[in-house]
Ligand SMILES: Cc1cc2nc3c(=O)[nH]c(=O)nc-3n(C[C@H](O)[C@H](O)[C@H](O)COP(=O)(O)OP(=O)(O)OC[C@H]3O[C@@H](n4cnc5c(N)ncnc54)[C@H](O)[C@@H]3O)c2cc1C
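Quick setup: one chain, the form predicted on its own, written in structure tokens, and binding and motion questions come after.
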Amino acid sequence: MAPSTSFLVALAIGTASQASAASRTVPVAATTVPTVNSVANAPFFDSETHQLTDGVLAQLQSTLGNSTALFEFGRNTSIQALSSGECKVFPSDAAWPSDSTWSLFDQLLGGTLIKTVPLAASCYPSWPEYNKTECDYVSDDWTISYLHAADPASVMWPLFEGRSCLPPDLTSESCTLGGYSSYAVNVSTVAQIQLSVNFARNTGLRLVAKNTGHDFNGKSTGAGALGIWTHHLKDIVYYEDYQLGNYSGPAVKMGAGVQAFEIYEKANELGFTAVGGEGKTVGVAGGYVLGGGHSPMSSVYGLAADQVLALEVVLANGRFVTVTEQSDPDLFWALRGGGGGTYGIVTSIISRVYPKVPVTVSTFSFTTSTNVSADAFWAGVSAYMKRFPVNADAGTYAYFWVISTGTDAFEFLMNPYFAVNHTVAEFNSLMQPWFEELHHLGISFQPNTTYYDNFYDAWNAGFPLETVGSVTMMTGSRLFPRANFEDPARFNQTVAALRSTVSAGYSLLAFNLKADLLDGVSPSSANPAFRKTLMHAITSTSWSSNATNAEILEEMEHFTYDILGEWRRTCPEAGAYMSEADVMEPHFQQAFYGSYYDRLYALKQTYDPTGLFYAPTGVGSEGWKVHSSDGLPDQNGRLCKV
């Protein structure tokens, strides 16, 4: 008979049998299974051969007694979904697991449970970790993405954690745990993920998953949560001739912790090209690919999600499964684009890859001046945007900025133009119509153009390391469709909206790309707006460091509804890329998931009926609310059912 919720809660807060179990020698809860995996037609990684099974739990019964129920697999009748107003268990609650429970959990994990210490705690005498040398290091590197990626709980956009523990130069406040997860499991095996999923579900804890913490809206953090840190799942195996279903060709299997710079280095070493992010530290096999994932290769090969052939996943019931189009077509569809932290914890993916490609990279800029009026400048920008269809159809990808430098003063920065499969001569030919128009307008510029015979060297030279860590800025975005650049009226409306945005002091960072679904590739749940887009545009707002929470919220709302509202009106049928979007996006279901939302929601109820996996703006998140302590849309507060 399935254990009741009240029984599990009693165990979680510490019972006599549990205390007795914790005083004994507790074995690591895992067994080793064969590496053979016929479903994916590729062996498990070593980390995936260490699994939690019913047999392991049965063996633990003699040691743990009733406490074994804390780690049992989910069954439809074992845990009921919370009712309206009920909340995930929080540290101040009586049902919060006792110290002996956490100790028992750690022993079963093999000693990989980490009690969270905020990254900047070393700057505060109230924390035992206070250390000036360490504080100086953290403060100096706060805006560098590698720092946050290497921490089990930190996120790259601490605004959405709740700004609870910042370097002193960013705040005069104290340091608290705030919206960071209370504990994190440093994962090295599937069994550890299964234990964590089961423990969180059975005790009513909030659960979050983190690889690098790149998501713009802080999806990998949450107050009172148990975090699953997949950052060290770094295995990479290349298959020159991989066979699965209708696919036959090169593929790569990579662990959930693999980052862009790692897969690109391996690809260059072994002679293939992978579809991954432009950011150097982005985790390519986690939330990035699960949210769709645009890439410098997207205009040629589509989204990162389109490349996925198989996934290894721990589901909300704790079971470890291989998901392919043949084994579970619904879940295969949902995982590839339906959002991270929603349907399960991915441990690895197998993706199609391609031969090495040459790339021409070019950077240049132009500005208003005494000889270039604001109207002439924007005529030059407009001439470029008219070329978006031709440029994207040629397989190229561009990363550019348009910023205001004063009243009617602007600067355009191409940083970089990434022309896949183009020589310098071919790039110049592609750019010639636009460059001639710039010359005609009297706009001076000097391209710095270099040809590379491989993707890695071009990418490494072309794209800068991300700057992160801001607490006085939020971003929003829009996927502008092809129609906005091919229909004259919509084109004029689009350029006018963008000029209005930049003139008001909001910078434009944008990508000219397309992301068509190629013939022979299985449809995915990635935002259907991606299939029609020619520009992924991002802008941001900011406020002073001493702004009150009320003032911050007022600026956020102005940004969401007024500034981004003008963008939405140019293409109301389109959407936005969930991983680089406004956390307050109105009607996020349509904006991030489009016509796929109803199907994704139904699958969420099937695979996660109790709502174990929650992510802000994720599928099903409208059924939950974080009661943040500062009234802002961050994760520093209880997570409760609406």
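Quick note: we count residues from 1 along the sequence shown, nothing fancier. Please read all numbers here as calculations on a predicted model, not as lab measurements.
Just so it is clear, the following notes concern the form predicted in complex with the named molecule, a form of the same protein that is not shown.
You can rule out all but one of 90-98, 387-395, 237-245, 214-222: in the predicted complex, only 214-222 has residues with a heavy atom within 4.5 Å of the named molecule.
Contact check for E585: every heavy atom lies farther than 4.5 Å from the named molecule in the predicted complex. None of the heavy atoms of G476 is located within 4.5 Å of the named molecule in the predicted complex. Although the partner is absent here, F592 sits far enough away that none of its heavy atoms falls within 4.5 Å of the named molecule in the predicted complex. Interface residue remark: V346 is counted as part of the site for the named molecule in the predicted complex, having a heavy atom within 4.5 Å. Out of the listed residues G279, P528, G110, P167, G279 is the one that sits within 4.5 Å of the named molecule in the predicted complex by at least one heavy atom. L290 is the sole member of L290, V197, A274, V308 with a non-hydrogen atom within 4.5 Å of the named molecule in the predicted complex. Residues from 586-620 that approach the named molecule in the predicted complex with a non-hydrogen atom within 4.5 Å are limited to A615.
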